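This document opens with one chain alone, in structure tokens, the form predicted alone.
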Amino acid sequence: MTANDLKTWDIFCRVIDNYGDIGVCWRLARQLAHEYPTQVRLWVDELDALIKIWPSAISADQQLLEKVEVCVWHENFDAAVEPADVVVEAFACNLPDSYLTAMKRRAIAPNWFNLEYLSAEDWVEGCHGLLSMHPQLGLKKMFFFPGITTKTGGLIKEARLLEERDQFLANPANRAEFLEYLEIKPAENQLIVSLFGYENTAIASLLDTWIQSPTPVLCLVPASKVLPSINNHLGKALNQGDEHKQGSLRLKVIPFLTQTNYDRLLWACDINFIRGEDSFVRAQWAAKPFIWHIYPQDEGIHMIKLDAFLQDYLKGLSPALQRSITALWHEWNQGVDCSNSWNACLADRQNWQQHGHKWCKSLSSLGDLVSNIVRSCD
């Protein structure tokens, strides 16, 4: 079956926490709608989360946005809804019972995918592509895992993303124009850092290090969960649009950006602190040094996932830089002093930057998640 045969797609998304779930699903829906001859419906239970990352969305039960039909997923799901040719159940969100029954009534059963969370753990390769049979309805569902190896589904990447990134970076005026849009004029020879994360006590050591830095640091903080941790250490009540200057540090609280502008922020900065899954993927395509604040889980399970990624990501780097990056990522995620590891990584930033380009090229060779999921249809 080719992409031309897959006329309709339904993507179901429940917003569990923050914006990672809707962020991934919205990118998936937009890429499908723009790059394939498809009609895409996105069912989301919390429309406000979509509005946050795509402000042109409105509060309506149904709307056409970026060629995607966005529908509110109500608890009392409309039993008259006809299932699509391809159904994506994002992150095991459980489809409505009436929709499942309607899937069974179709003359040709839909291609049904459970799109899982991204992980670099070894077991993912063995589970990617596995089929599960619905016990009552006999419908087959494929487990589809994003990943960073040839035996996984790859990462979301629009067809022109890397070309657009390179065009942005080719002309310094593009960065200046984007920063001007954020009401920022950087100083000469300034290290520009984006800081997007969860609450984190490690921010105290990082801010103090930047204040005392021999190189001026411009820190751009999207209004998010890390801001209270910043305010607590600085003794401030910074809000969107506010600035704080102290020593070598200039900190600016910027708006929560659309997905398109968040990509540009990653490209415009020298180093990026990112969190969750969606910004984690985009930071890798930005090909810049980055520090991942993984979503915390009980009993430290998230650190196993962090180390599984580092095991692949660090290959090809010098042992010293491997140790420095590992220490920085661990300390940042554990909320402890990370000043020494930050300085060690910064001292070898040129090699870290070169590695970012190699890593991005390696990921790109795997294909992208949307193309891979289309090819996996029967």
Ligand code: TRH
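Quick note: we count residues from 1 along the sequence shown, nothing fancier. These numbers come from a predicted model, not from an experiment.
There is also a form predicted in complex with 2'-deoxy-thymidine-beta-L-rhamnose (TRH); it is not shown, and the following applies to it.
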query	finding
2'-deoxy-thymidine-beta-L-rhamnose (TRH) in the predicted complex reached by all of 198, 275 and 279, non-hydrogen atom within 4.5 Å	yes
4.5 angstroms heavy atom contact with 2'-deoxy-thymidine-beta-L-rhamnose (TRH) in the predicted complex for residue 174	no
Distance check, residue 41 to 2'-deoxy-thymidine-beta-L-rhamnose (TRH) in the predicted complex, heavy atom within 4.5 Å	no
Distance check, residue 259 to 2'-deoxy-thymidine-beta-L-rhamnose (TRH) in the predicted complex, heavy atom within 4.5 Å	yes
Distance check, residue 317 to 2'-deoxy-thymidine-beta-L-rhamnose (TRH) in the predicted complex, heavy atom within 4.5 Å	no
Residue among 117, 143, 77, 168 with a heavy atom within 4.5 Å of 2'-deoxy-thymidine-beta-L-rhamnose (TRH) in the predicted complex	117
Heavy atom within 4.5 Å of 2'-deoxy-thymidine-beta-L-rhamnose (TRH) in the predicted complex - residue from 344, 53, 47, 327	53
Segment assignment from 259-267, 155-163, 129-137, 206-214: heavy atom within 4.5 Å of 2'-deoxy-thymidine-beta-L-rhamnose (TRH) in the predicted complex	259-267
